[in-house]
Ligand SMILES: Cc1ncc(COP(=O)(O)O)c(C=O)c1O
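In the form predicted on its own, a lone chain appears below as structure tokens.
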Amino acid sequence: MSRQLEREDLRRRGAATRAVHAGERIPLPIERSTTTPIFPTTTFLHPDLESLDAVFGGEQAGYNYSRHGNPTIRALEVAMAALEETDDAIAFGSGMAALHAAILACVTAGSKIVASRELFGATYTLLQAIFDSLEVESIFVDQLDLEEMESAIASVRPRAVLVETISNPLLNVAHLPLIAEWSHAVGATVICDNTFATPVLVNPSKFGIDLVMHSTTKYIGGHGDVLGGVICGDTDRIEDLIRVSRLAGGVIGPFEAWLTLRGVKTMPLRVRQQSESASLVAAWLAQHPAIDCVFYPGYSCSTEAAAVFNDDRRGGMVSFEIANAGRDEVFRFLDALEVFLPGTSLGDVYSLAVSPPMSTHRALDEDAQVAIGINPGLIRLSIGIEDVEDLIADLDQALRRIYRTG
């Protein structure tokens, strides 16, 4: 690379040249910053072409182009690998980009996937609309029916098995140790969406899960202001995903990576508070006369499945069915809420409420929704960090306004 323009050189250049180059590429300080710096650059410069060539060839560590790597993004990846107790991690521009890459790295035309029937609606659609067109067949089974799951894996002999630690939106907990055991017996890679649990509550790699996926948009970012995704796994699998990422290009940007990394710092505190409040909200809903049933891992998961949790906290998600409610009643209930926000995301500092038939599983027709337990009166709550008394009072006034109970 030609030598950088020094101040004396710049004085002899034209105004446009000075405007472009003046102040750029100043020497970095020897002091280290407290926080990870943002590197908002597409291209990295090297002292000479030999160095650049070595980085391109993988013979020397370093950066050359941000689609191939960026120090800010790398900091997020290192943090997520540490949290999930895996060798490495790779970040993406969204949770769906991460999941798409994970599946793509595992399958080829003619492959089969065994997947939980309770998957997030967009994941379900990804398998049917995208991978089906690539001649990758998905077989959907009930992840709570262990006999069905074991039988499907043994008979189908899939290339990949896809589950959610805590399912969206019915909050059932997968028996990760057995699913990993059955999958590895037939040579399948297990992909687990750990978004709802977070690495604070569950570390799937401890139970043999190969690839752990997160939509970092949710609890990890935590403030509803940044999209992102990540896959955590062993070194060889992450190397495969790096190749997919570089070619498919679903990378996260440095600003988004920095915002997500900032969210990581407070995630354990937020998840602790959200879990405690969600448990109280679930208990209150369970005794309410207008509620048919409540879904919460603290109530519904088996003793064996509960063993995957790191402690007695069960997360900040609560779902419930309003008795005899259809679309109109659900909409009136959601419109009546004052503290809860009618948002389609989750894991934020503020509490959110949504109708899964309208949002997460909208791509499925009503019969398909009901077949997997998504009934018209279902509500999904994401508990934030507000005072739990205010959250319960808000649910109570909305139910009173709709059904005039009590």
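So that there is no doubt, residue numbering starts at 1 and follows the sequence shown. All values reported here derive from a predicted model rather than from experimental measurement.
Quick note: we don't show the form predicted together with the named molecule, though the next part is all about it.
message: Quick check for you: of 306 to 314, 198 to 206, 220 to 228, 81 to 89, which stretch puts a non-hydrogen atom within 4.5 Å of the named molecule in the model of the complex?
response: Heavy atoms within 4.5 Å of the named molecule in the model of the complex occur in 220 to 228.
All of S94, N168 and L346 with a heavy atom within 4.5 Å of the named molecule in the model of the complex: Yes: S94, N168 and L346 each sit within 4.5 Å of the named molecule in the model of the complex.
- request: Could you confirm whether F120 comes within 4.5 Å of the named molecule in the model of the complex, counting heavy atoms only?
  value: So F120 counts as contacting the named molecule.
- prompt: Taking heavy atoms and a 4.5 Å cut-off, does M213 contact the named molecule in the model of the complex?
  reply: M213 belongs to the contact set for the named molecule.
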